[in-house]
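A single chain comes next, written as C-alpha cells; it is the form predicted on its own.
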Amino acid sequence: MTIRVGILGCGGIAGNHVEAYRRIAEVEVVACADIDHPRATSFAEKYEVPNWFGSLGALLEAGIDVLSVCTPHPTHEHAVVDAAQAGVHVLCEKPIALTTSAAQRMVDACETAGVTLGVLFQRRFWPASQRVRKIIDEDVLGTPFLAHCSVLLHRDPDYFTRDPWRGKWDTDGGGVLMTQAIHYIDLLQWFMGPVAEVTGRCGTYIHGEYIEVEDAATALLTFTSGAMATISATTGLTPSEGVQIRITGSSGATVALAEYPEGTGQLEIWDVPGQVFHAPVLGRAINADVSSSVINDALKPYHVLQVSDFIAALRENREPAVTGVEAMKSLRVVEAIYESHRTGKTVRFDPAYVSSHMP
C-alpha cells in the first residue's frame, strides 16, 4: 500500500525530506504546508508536490499517513501531538523539542495514539559512524573510558539575522549546543552509553550583537560506566575547523570521527591493534566556511538512509533507528549543560553511577 507523506515547513531542510521519500518505492509526497503561503506555493512548485496548505490542520485533513516536521524548534511539540491525535506517524527534525518535558509529552502522545515517532539524526548513518558503533559492539575497542567532542564551526551574522527566530531563547531554545552540537552529543552518547552527570559552562563571545544565546560552551560528562568525556563547541571560528569525536577504549585503541567541511563525515584516526590509519592532512585549500544549503546537500544521502529506515520500520512494525526516547538523550545533556552553567553546580542524572575507576 502506498504511504502518503505530508511536509510541514517549507524551508531548506524540507527539500532533503522530499528527495529522500522519492527514493522509496510506494511512497508519495502528496502535500506540504507552511504559514508563509508564498513559500508553500514556491516549494510545491519546485518539488512538484500536488497540494499545498497554509496550516497544519489542513495538512492533517489531507489523508496523509506520515508527517515530516521541518519547522522551527518551538513548534515541534504542537505538530507532533496534533499529528498523533490524528493517527499520523511523525518524522521530526532535531532537536525533538526545546525541553525534555515537551519531548516527553510528544513521546507519550504518540504511544497513546499507537503511531511511530522518529527524529532526524542523520549523522548516525554515515559509514564512519556505523563503523565506530560496530567496533564498540564487537568489543574490539574494549570499554570506552575517555572521549572528546570538539565542535569548532563558523557562522556568519547573516545565518542568524536572515531568520528572526534564530539566536533567541524563546524560539531557538539555545545556541551552538541546541542547534549544532546536539548532533555530535547524540553521537557521543550513542558511542559511550548513558550519561550520569554533567558539568558545563556557556558564553557569548563573537555573535553577541545579534543573538542572546551562547556561541561557545564547554562540558565534562561522566557516564554510568565511569567513563569521562569533554565537549567544546562554538560557532565563532573563522575559518571553521570542523568537528572531531575521539574515543579511547580499555583495549588501548583509539578511533576518531571527523566532519570537515560540514556535512561530510569520515574516519580520521583508527588506531586499533593490527589496524592503524591516520587520515592525511588535506594537501589542498578548501572552503571550510560553507553555507547551510551546501551542508544540507552533503547530508542528503544520509537523510535518504534514515528516512528509508523510518519507512521500513512502519512496514515491519518495529521501532526506527532513532526514536523519540532516543532523541531525548542528547536534549537532556544540552539542558543539563545550561542548568549547570546557571547554577554553577554539577547536574546528576544517576547519583549511583559506577565510580570504581576513580582514585
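Just so you know, these numbers come straight off a predicted model, no measurement behind them. Numbers follow the displayed sequence, beginning with 1.
Another form, the form predicted together with a small molecule, is not on view; read the next lines as being about it.
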- Item | Partner proximity in the predicted complex: Ile35 to the small molecule, non-hydrogen atom cutoff 4.5 Å | yes
- Report whether the minimum heavy atom distance between Ile13 and the small molecule in the predicted complex is within 4.5 Å. yes
- Even though the small molecule is not shown here, does His303 get within 4.5 Å of it in the predicted complex, heavy atoms only? yes
- Message: At 4.5 Å between heavy atoms, is Cys70 in contact with the small molecule in the predicted complex?
- Response: yes
- Does each of Val151, Thr222 and His341 have at least one heavy atom within 4.5 Å of the small molecule in the predicted complex? no
- Note on the structure: Among Asp156, Asp163, Glu212, Glu241, just one has a heavy atom within 4.5 Å of the small molecule in the predicted complex, namely Asp163
- Note on the structure: Note: the small molecule not shown here; in the predicted complex, the stretch from 94-102, 233-241, 128-136, 248-256 having heavy atoms within 4.5 Å of it is 94-102
